[in-house]
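Form predicted alone, single chain, as structure tokens, below.
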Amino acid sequence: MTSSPTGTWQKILYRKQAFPDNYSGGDAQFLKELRKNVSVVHYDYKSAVYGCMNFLTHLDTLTMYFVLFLNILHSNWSPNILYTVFVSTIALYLFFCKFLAVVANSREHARTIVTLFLFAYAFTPVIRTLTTSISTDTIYSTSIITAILSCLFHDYGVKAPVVSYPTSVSSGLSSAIFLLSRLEEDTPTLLLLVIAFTLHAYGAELRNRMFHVYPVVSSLIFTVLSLFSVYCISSFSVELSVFWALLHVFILFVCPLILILKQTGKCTIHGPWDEAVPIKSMN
């Protein structure tokens, strides 16, 4: 640090002082303003587990969408199951609009549903035949990659620079559109497209609000959804279902423990070198 000239230094810019422009008060002033861990958020194990539940709920939802698509594609499930899932998705959306939305506007939400359905109905033939010339293996791999991108930018209720709603929704819809090009009929394509858009566009806010307002109910829903996803995956591969179950256990119980153990060693320093943050007046 530079030595302090004669006189009293003030941390202001609007007055000419007998100090260099880069002067910060000397060693004593520098160490006096040094602060540690100002913005560090400390989590407890319970809140970390709930956060992992939120993340796994989204993964289970995507997994069940893939399972639903594969069973409809290979005619393993009755079309009535698809109709039931479609009606349930619309019911969840209406529940969100009525009880969980920050601004409740029934007319606006009804207009959203009608507009979504009409656009999906109009573009379903185009979407279904959009990538028919591309091999199925390429379609599946591209769909999985875009689904992973959607998960990376998804909103799990934690403020982070990586969270991007447009990127998450567009990647999720791209993943669904790649899959739907393998179907041969317009009706299941239409229903699956509406389900995908509703889950990706409104699923994050619905899930975050549910875990915030009804954490116990959300935990029960997560448990049922996780067990059901493991069961459905076992119909395709037992080894994959075992891996999926072990992954749930690791993320749900081990990862929060690692976070709790490692957060005690986190240390950030703040001082005069930080960027100035304006303070809003309360008047």
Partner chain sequence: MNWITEKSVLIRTVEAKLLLMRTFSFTRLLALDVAISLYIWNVWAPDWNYNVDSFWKQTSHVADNLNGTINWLRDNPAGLKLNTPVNETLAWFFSYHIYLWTTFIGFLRYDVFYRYVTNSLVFGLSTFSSMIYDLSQIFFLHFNCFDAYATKLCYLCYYTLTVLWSLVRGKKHNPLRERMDTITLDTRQQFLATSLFVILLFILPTVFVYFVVFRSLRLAVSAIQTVIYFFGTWPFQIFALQKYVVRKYYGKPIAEETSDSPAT
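If you're wondering where the values come from, they're calculated on a predicted model, not measured in any experiment. Positions refer to the first chain, counted from 1.
The next section is about a form of this same protein that is not shown, the form predicted together with the partner chain.
Taking 147, 180, 210, 169 one by one, only a single residue has any non-hydrogen atom within 4.5 Å of the partner chain in the predicted bound form, and it is 169. Interface residue among 201, 82, 90, 73 relative to the partner chain in the predicted bound form, by the heavy atom within 4.5 Å criterion: 201. The closest non-hydrogen atom of residue 116 lies within 4.5 Å of the partner chain in the predicted bound form. In the predicted bound form, at least one heavy atom of residue 165 sits within 4.5 Å of a heavy atom of the partner chain. Although the partner is absent here, residue 197 sits close enough that one of its heavy atoms falls within 4.5 Å of the partner chain in the predicted bound form. In the predicted bound form, the partner chain sits within 4.5 Å of a heavy atom belonging to residue 108. Residues of 134-164 placing a heavy atom within 4.5 Å of the partner chain in the predicted bound form: 134 alone.
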